[in-house]
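Just one chain follows, in the form predicted alone, and it is written as structure tokens.
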């Protein structure tokens, strides 16, 4: 490849791009990676990792409340927002440094500037104007939060700004009903804020199982969150130091912050993809085949910019598969079926496989196993909460098509349940497994009768 400066040029140093660059380099490729912001991407810098740290912080308030029923006398507990933000920033800086060190260790050249595509084999670095000739180009630019357009919308923040607020919002209005909106609503409430969640749909968490959606909303209500369904924010006005959010029904709510969490859009704008002939789909994402190759043979794309499954572990696997296939002579494709996912709400959600509605829509004849129970911890804490567990089982094959959990440690449980679902486990396999008592997860193997 003497005609090229590098074998692979990666645009975007998020989790997927970094994995692809590292693995390609391990296979002997000459790799360059460009990032206009911070190495680590959405998940590490402004997404999964800082969010989970904030979630941990928010759960201490529940633990303090529950402790009284177990004999603990706690007085004077006080939350300090600047301390949380500062400690989060230190951890994110450490992780970014680790990502950079990994790339350098594998001799991947890092370019800290924006890059655009000029043709199927040429990338231009905006700041310097330098051009790099690459045998293969990989786009891994992720996605960005969507901002609506209406009077005063510029006054609101998104999830990205929420991690850097100088002052904790004692009152916050959040628009959205997806996992980002729900997670931030729960964590702000746990930290002591009065939260109003506004969602245009008739139920939160579209795409999740209906029982899961309803159960979580009831749990959120028990924790003092106010969920407004069937409406949107129509305007935002400044009222002194407060913001007044006017809803589509004419009502209004005053708060310290208004936040949008209404979805994310693939970062394809201003990459000049059209100059190279790269096809973009109706959602603004790069259209790719099962190998992550775009309409241009030398240009590939992975992660959220392709709008397949917007999950960091999926982007990482796509990056790894791309590098193995193109540079390692080990072709394989990512299986996007039965991917586990979690919502770090309070309580949290863990799911894998088909929902009840999706299974029926596919024409499957199914049995539903469901249990709702009060956890042992709540018997002494006095907390009004319950756990939901649900199995979707195909009658003919006895295969477990879906597992859905709402409750403490749901994400940890679903990771292991996903192994069983991915292997094609049957309900009889669950039944044959001895329960581990006393645990929440034992209920997964003790549900005997379909509802």
Ligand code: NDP
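Quick caveat: nothing in here was measured; it's all calculated off a predicted structure. Numbering follows the first chain given and starts at 1.
Although it is not shown, the form predicted together with the ligand is what the next lines describe.
In the model of the complex, the ligand stays beyond 4.5 Å of every heavy atom belonging to residue 95.
When contacts are judged by a 4.5 Å heavy atom cut-off, residue 192 does not count as touching the ligand in the model of the complex. Although the partner is absent from this view, residue 209 stays clear of the ligand in the model of the complex, with no non-hydrogen atom inside 4.5 angstroms. Put simply, residue 178 is close to the ligand in the model of the complex: some heavy atom of it is within 4.5 Å. Contact with the ligand in the model of the complex, defined as a heavy atom within 4.5 Å, holds for exactly one of 224, 277, 331, 263, namely 263.
Put simply, of 341, 119, 381, 158 only one has a heavy atom within 4.5 Å of the ligand in the model of the complex, and it is 341.
Comparing 255-263, 126-134, 285-293, 360-368 against the ligand in the model of the complex, the single stretch with non-hydrogen atoms within 4.5 angstroms of it is 255-263.
Taking a 4.5 Å heavy atom cutoff to the ligand in the model of the complex, the contacting residues in 199-220 are 199, 200, 206.
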